[in-house]
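Just the one chain here, the form predicted on its own, laid out as structure tokens.
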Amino acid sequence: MKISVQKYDPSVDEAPYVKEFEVEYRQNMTLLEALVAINDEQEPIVFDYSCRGRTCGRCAMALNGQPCLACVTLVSENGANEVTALPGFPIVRDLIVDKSMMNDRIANIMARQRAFPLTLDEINAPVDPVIYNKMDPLEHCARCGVCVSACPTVQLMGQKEYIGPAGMLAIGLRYYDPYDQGDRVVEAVQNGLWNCIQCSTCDEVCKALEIDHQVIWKDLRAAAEARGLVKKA
């Protein structure tokens, strides 16, 4: 099986280049397994992984131009296998990209906003099952950046104008959070809620199958509309 891998060392290379390798194919071979085989048996490749099961999000990259998680993406025995770094993020080396801007923004969003500390009564109160069922799927977001990389609005506007699906999920999580007292509806609007074209690309590429992005977008937009926070033509 042929597999082409993007290589790039900014200390010596003027630009990324592609190198082709031959890998012994086996049925249901993942991209991660192919890269490990190359790295162990042929030539070092700089890439990252940990869980091998769509949980950590560290093996995000692109196969044939499609953002993916290498641990759950299959390679083709006879077709094209062109591996590149995750589009839309600065390349650090080979298949490693810098996601610090995205992760820093999400970390700030995830910090629960409170006017006063939580009380024991609040902590011990049962969580509404409806709210729990909305919040629980969002905990599966690995912040891998695949949805952000694939998002056509992010590609057009950049992450500064539209925070992207991963950031909007974080806003949605705190919007549902009964302990959070921040104005997450305004935060969503300020970060590009109305810039989303609702194409569902994020749902198509996301491997956290528990998450339905469009449901969160719908709830946030409904709350914004109820307060008159709509984008004027």
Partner chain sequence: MRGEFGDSSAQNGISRRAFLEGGAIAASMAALAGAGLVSLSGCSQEQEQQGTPEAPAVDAASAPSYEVYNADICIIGGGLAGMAAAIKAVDEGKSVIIVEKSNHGFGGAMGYNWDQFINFVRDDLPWQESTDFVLNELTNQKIEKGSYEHWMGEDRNLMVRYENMGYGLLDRNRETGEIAPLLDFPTIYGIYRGFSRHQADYITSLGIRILDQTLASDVIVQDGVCGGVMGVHVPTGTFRVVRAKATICCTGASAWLFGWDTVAPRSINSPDNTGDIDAACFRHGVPLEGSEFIQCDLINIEPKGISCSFQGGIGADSGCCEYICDKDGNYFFQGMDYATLNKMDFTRIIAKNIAEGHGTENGGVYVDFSTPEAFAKIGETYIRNIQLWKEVFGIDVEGMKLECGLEAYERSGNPITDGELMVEGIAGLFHTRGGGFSGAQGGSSVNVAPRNGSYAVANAVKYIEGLTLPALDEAVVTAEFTRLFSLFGNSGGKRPQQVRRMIQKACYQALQPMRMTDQIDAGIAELERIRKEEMPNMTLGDTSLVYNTDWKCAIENINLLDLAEAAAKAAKFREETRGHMYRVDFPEKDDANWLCNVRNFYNDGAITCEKADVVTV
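Each form is matched to the other, and the largest set of C-alpha atoms that superpose within 1.5 Å is called the rigid core. Numbering follows the first chain given and starts at 1. None of these values were measured; they are calculated from a predicted model.
The form predicted in complex with the partner chain is left out here; the points below concern that form.
S.K.: Classify residue 32 as contacting or not contacting the partner chain in the predicted complex by the rule of any non-hydrogen atom within 4.5 angstroms, answering yes or no.
M.R.: Yes, residue 32 is a contact residue.
S.K.: Quick one: is residue 222 in contact with the partner chain in the predicted complex, heavy atoms, 4.5 Å cut-off?
M.R.: Looking in the predicted complex, residue contacts with the partner chain do not include residue 222, since no heavy atom lies within 4.5 Å.
S.K.: At 4.5 Å between heavy atoms, is residue 85 in contact with the partner chain in the predicted complex?
M.R.: Taking the distances in the predicted complex, the answer for residue 85 is no, it never comes within 4.5 Å of the partner chain.
S.K.: Given that the partner chain is not shown alongside this chain, does residue 199 nevertheless sit within 4.5 Å of it in the predicted complex, heavy atom to heavy atom?
M.R.: Residue 199: no contact with the partner chain in the predicted complex.
S.K.: Taking 4.5 angstroms as the heavy atom distance cut-off, pick the stretch from 146 to 154, 159 to 167, 76 to 84, 132 to 140 that is near the partner chain in the predicted complex.
M.R.: Careful reading of the contacts points to 132 to 140.
S.K.: Could you tell me if all three of 63, 191 and 213 have a heavy atom no more than 4.5 Å from the partner chain in the predicted complex?
M.R.: No, none of the three is in contact.
S.K.: Counting only heavy atoms, which residues in 145 to 178 are within 4.5 Å of the partner chain in the predicted complex?
M.R.: Heavy-atom contacts within 4.5 Å come from 173, 174, 178.
S.K.: Look at residue 107 and decide if its Cα position differs by 2 Å or more between this form and the one not shown after superposing on the rigid core.
M.R.: It does not, since the residue 107 C-alpha is displaced less than 2 Å between this form and the one not shown after the core fit.
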